[in-house]
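Here you get one chain, nothing else, as structure tokens; it is the form predicted on its own.
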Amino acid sequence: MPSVPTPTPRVAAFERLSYGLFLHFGLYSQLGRGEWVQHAEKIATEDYLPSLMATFTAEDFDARAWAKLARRAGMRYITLTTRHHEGFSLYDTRGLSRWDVTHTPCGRDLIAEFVDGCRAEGIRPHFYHTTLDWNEPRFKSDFPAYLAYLRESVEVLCRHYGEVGGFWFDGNWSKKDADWEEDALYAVIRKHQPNAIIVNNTGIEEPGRLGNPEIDAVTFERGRPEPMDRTGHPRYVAAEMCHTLNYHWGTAARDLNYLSPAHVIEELCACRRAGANFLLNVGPLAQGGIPEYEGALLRKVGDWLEVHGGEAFFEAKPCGVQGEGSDFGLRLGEEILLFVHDLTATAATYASGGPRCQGPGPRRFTGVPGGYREARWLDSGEALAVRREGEAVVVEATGYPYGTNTVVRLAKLTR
């Protein structure tokens, strides 16, 4: 009978990180119209790179402040764009390209500052690196030579910044039928950074697609992952959903369609349901500061995590416990965490005594082993009535106290 493979130590360590901060920062940040602005507005290389590099000071870039915010939010790793599709690098390319941060008024190696800031706060640094380059002529004219340049660039990142948590590649979807020589690229990482996670984004159109055998985690870009059936697979591959707080990954001043803290909490819980990591993006402002709203939102989600177990929240694993609707359960040691949605009751409902959406009341869960008889809300410690009905456990979910709403409420089920 086919078995489920065991994760390698690096994949198991990556899954334990669980929740990370994605940061898209580059020349495009100065324009405030998203990270694809050059491509979208068809700005020529000679009109884009030299002028934006001349004004790039990164005077508000404070990697340790980023890491402190991530830690406050309950995050455990940060993935930063070392080079995006515009071809500008936040690191010293050691002569490989004139389009790097050392040729700007900033003059600092921002990736060196990034890794130092992360390590000072106990945050794992991960590197995003584009495989697509709009401004490198060899990408179109001599693709094998371009791939050699790409490998040399990644080798610089491997050799000069200490131990790296992972590499997150993006852009292979731009030439779907090309030979990207992935084996050679990943061999560079395995040589210098054997414990680094390797991710290569398959994009919105192909979520969860397995790729090269060296890939350690499949991606779900702005799409909720489903639990992966790894039965019979040759190796254990993790999963990661990446999502952004509005409709751009780089800062965009006129994109006001932001997610709410409630939405982010629901997405985080959905990722835990699938056993997938959640990588949540923020686009820093022109010179590197974190926008006010995004910072406040991350702290609000951090407050929710603190109420619901903090780091222990991420240790819970899928175990086949399923509720009705969005409800589900995860195993945490000998305990089961029940995730209860849609408890909200409006003031009008209280006043009229009228019908509610699911609301407080009995919640049925299947897949719970025998012997579980007690349940308590994590946020208040209130005991909940528990009974068995055939194959199901039924928990009488009480409503929120007046003035309280945690979006998703967790109960601990014990024997």
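From 1 onward, residues are counted along the sequence shown. Because the structure is a prediction, the values reported are computed rather than measured.
Below, we refer to the form predicted together with alpha-D-glucopyranose, which is not included among the displayed structures.
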Exercise for the section: Have a look at 339, 77, 88, 168 for me and say which one sits with a heavy atom within 4.5 Å of alpha-D-glucopyranose in the predicted bound form. Expected result: 168
Fill in the blank from the handout: As a check of understanding, the residue in 293, 143, 173, 247 with any heavy atom within 4.5 Å of alpha-D-glucopyranose in the predicted bound form should be identified as 173
Problem - Partner contact for residue 48 in the predicted bound form: alpha-D-glucopyranose, 4.5 angstroms, heavy atom - result: no
Practice task
Give a yes or no for residue 121: in the predicted bound form, does one of its heavy atoms lie within 4.5 Å of a heavy atom belonging to alpha-D-glucopyranose?
Solution key: no
Exercise for the section: Answer with yes or no whether residue 131 is in contact with alpha-D-glucopyranose in the predicted bound form, where contact means some heavy atom within 4.5 Å. Expected result: no
Handout entry: residue 113, heavy atom within 4.5 angstroms of alpha-D-glucopyranose in the predicted bound form
Key = no
Handout entry: Which of 22-30, 380-388, 61-69, 48-56 sits within 4.5 Å of alpha-D-glucopyranose in the predicted bound form, heavy atom basis
Key = 22-30
Exercise for the section: For the stretch 304-338, return the residues whose heavy atoms include at least one within 4.5 Å of alpha-D-glucopyranose in the predicted bound form, in the order they occur. Expected result: none
